[in-house]
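Coming up is one lone chain in structure tokens, specifically the form predicted alone.
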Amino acid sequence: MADAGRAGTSLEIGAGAGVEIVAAGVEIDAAVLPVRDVNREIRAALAGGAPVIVRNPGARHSLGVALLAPGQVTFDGSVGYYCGGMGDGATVHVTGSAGWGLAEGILSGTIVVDGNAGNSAAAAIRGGTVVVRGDCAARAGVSMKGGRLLVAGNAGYMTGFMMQKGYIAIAGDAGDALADSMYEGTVYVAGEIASLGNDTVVEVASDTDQAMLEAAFAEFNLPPPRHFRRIVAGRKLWNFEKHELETWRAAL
């Protein structure tokens, strides 16, 4: 990383200059650095306590993975697959859209996408917050083990599939097979539900639920959601019962 005492200079990595100290922190040009070097420079900046702006991300894959220190990282544009995955503590802001696997497996931290997210956003997260201001594609929140996923738009097919803990809040509509085979956790939907997945139960969200969700959306300056419905596990798939054989066949 460039020497913090040499503001305005840049660090040469390979054949191109890619890192510069600016008033806002550390600026990295992803157009001239390999992804491995971009991620290395992000980690170095966070270790030094500096916020990071990554210019020209160009929808490249695996940007911002395994960020294990707190700090602010902004990707100025769209990112590709697996952005922000396996993180623990960083705050990541994507000003464009994101591809598949956004924030996969994070333990903590916050990832906000101003546009849309591809398949499997927030897959298997154990904590933290993932916010998508646009729409999510299929299987958002699959196998979530904690944390929260807030979707200001619509969510696609099999959102919440095999979810185990945490919650998903969808301000728009949900696609087919919502929360299919979920074990635990909660999915909230304010719009229409195309179809429910196996072993799900729809309940009326309580006033406490509604207040929590309104506070969560307000935290990220999202429009106040409409009244939510609450989707939870029916628990028929928790243990095999012979008389529930058709439910198991449908799930498998």
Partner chain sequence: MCGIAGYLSKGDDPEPVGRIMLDMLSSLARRGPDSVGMALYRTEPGHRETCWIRLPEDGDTAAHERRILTGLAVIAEVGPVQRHEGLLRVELATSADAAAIRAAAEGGSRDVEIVSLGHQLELVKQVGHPDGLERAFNMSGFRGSHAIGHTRLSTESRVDLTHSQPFWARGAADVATVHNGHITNYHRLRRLYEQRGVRFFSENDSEVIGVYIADQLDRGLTLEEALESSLDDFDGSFTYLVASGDAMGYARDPFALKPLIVVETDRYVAVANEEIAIRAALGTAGVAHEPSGHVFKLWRRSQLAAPVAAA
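Owing to the predicted nature of the structure, the values given are computational and were not obtained by experimental measurement. Positions refer to the first chain, counted from 1.
Only in words, not in the display: the form predicted in complex with its partner chain, which the text now covers.
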Only one of these stretches, 122-130, 142-150, 165-173, 72-80, has heavy atoms within 4.5 Å of its partner chain in the predicted complex; which one is it?
72-80
Each of 58, 137 and 156 having a non-hydrogen atom within 4.5 Å of its partner chain in the predicted complex: is that the case here?
yes
Please tell me which of 108, 181, 91, 116 lies within 4.5 Å of its partner chain in the predicted complex, judged by heavy atoms.
116
Using a 4.5 Å heavy atom cutoff, which residues in 180-200 contact its partner chain in the predicted complex? It's fine if the answer is none.
none
